[in-house]
Ligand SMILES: Nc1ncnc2c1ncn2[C@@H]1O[C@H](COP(=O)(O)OP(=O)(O)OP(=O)(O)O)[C@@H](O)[C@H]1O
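The chain that follows stands alone, in the form predicted alone, written as structure tokens.
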Amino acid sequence: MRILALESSCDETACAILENASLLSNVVVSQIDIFKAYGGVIPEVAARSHLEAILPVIDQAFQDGNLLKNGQNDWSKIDAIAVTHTPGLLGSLLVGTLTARTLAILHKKPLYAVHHLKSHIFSNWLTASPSYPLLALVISGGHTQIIRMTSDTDFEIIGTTLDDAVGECFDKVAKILGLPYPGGPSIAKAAKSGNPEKYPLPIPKIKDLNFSFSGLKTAVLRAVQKEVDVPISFPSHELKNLLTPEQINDFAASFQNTACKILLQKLKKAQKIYPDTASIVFAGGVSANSALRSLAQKTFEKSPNSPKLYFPDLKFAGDNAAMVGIAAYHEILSGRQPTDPYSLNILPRSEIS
């Protein structure tokens, strides 16, 4: 079975073609360079950029997969189409879903609408085969959740953020420190030259398995203001001008270390609640963080009967279409019926249903 998959939920336009679980092509056009000057994604601009890129991206995927006939895309070699349909930026999602619906109708292919967070989780199956039951830590710019799975189709959200997502917190702290967007890679780079113990930051005492990151962001802001000796009324966007490179690196390292500890403490607690956990999978853009990966290994390798840890390949950690295709493949194997292309609606909710 060959699946053509599309992803356009935020600021990456992507198309991948899979043959069963094997990747034939994976094309991603990022809009990061467009939004660096703004420090974040502008939804209207993102949607227009998707419009410009999506058809060339599809053509490139056919070319990279050697699926051409007489120089044209050979749709007879495609058995199904998959597309991200929720959650995400409404305009961006519309570009992807309308394209997928049109292609499904035009070429008479079954259509599978895939949840974005399921795709991130299944990105681990592109390079490995995690065992069930498992815990998935989904961490990105828009989401922070712990999800328990007992099969390909059984999802239970057991922990979620009460305010900011961890990736959003990385972006906001980076902005305070004057580091470029996106914040995750910028903070990780600066943290390599910093002292993670230099500035003690609080770990929120949130009940159950839920998260909170808004307080950590504020704690960093107050710590920076104290370090440079300015009142709390001082404009946050001007703090970067008062910091030395050494201070920036130390704040980046201290924040990153605290954020990773918050994530892993909750994950460790979840593993104790569900001792039958065979695997722990990390998913989403923040899962690419090398400090998190290293600390996770140290945290769980000390545990008796520790579950096996899985991280997506770095090229699959961020938004891409390969993860959409592999998620659709597993859903098809589980007996899921195709989506009616004439009635597919965009549902920009954040939770898996």
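Predicted, not measured: the structure shown is a model, and the values here were computed from it. All residue numbers refer to positions in the sequence shown, first residue = 1.
What comes next is about the form predicted together with the ligand, which is not displayed.
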| property | result |
| --- | --- |
| In the model of the complex, the residue from A47, I58, V29, A288 that sits within 4.5 Å of the ligand by heavy atoms | A288 |
| In the model of the complex, the one of P130, G91, P196, G142 near the ligand [non-hydrogen atom within 4.5 angstroms] | G142 |
| Candidate stretches 64 to 72, 50 to 58, 324 to 332, 311 to 319, one within 4.5 Å of the ligand in the model of the complex by heavy atom | 311 to 319 |
| Triple contact flag G159, D208 and K217 to the ligand in the model of the complex, non-hydrogen atom at 4.5 angstroms | no |
| Contact label in the model of the complex: C10 to the ligand, heavy atom within 4.5 Å | yes |
| is_contact(E168, the ligand) in the model of the complex, heavy atom dist at most 4.5 Å | yes |
| Residue contact check: L177 to the ligand in the model of the complex, 4.5 Å heavy atom | no |
| Contact label in the model of the complex: A188 to the ligand, heavy atom within 4.5 Å | yes |
| In the model of the complex, residues of 207 to 224 near the ligand [heavy atom within 4.5 Å] | none |
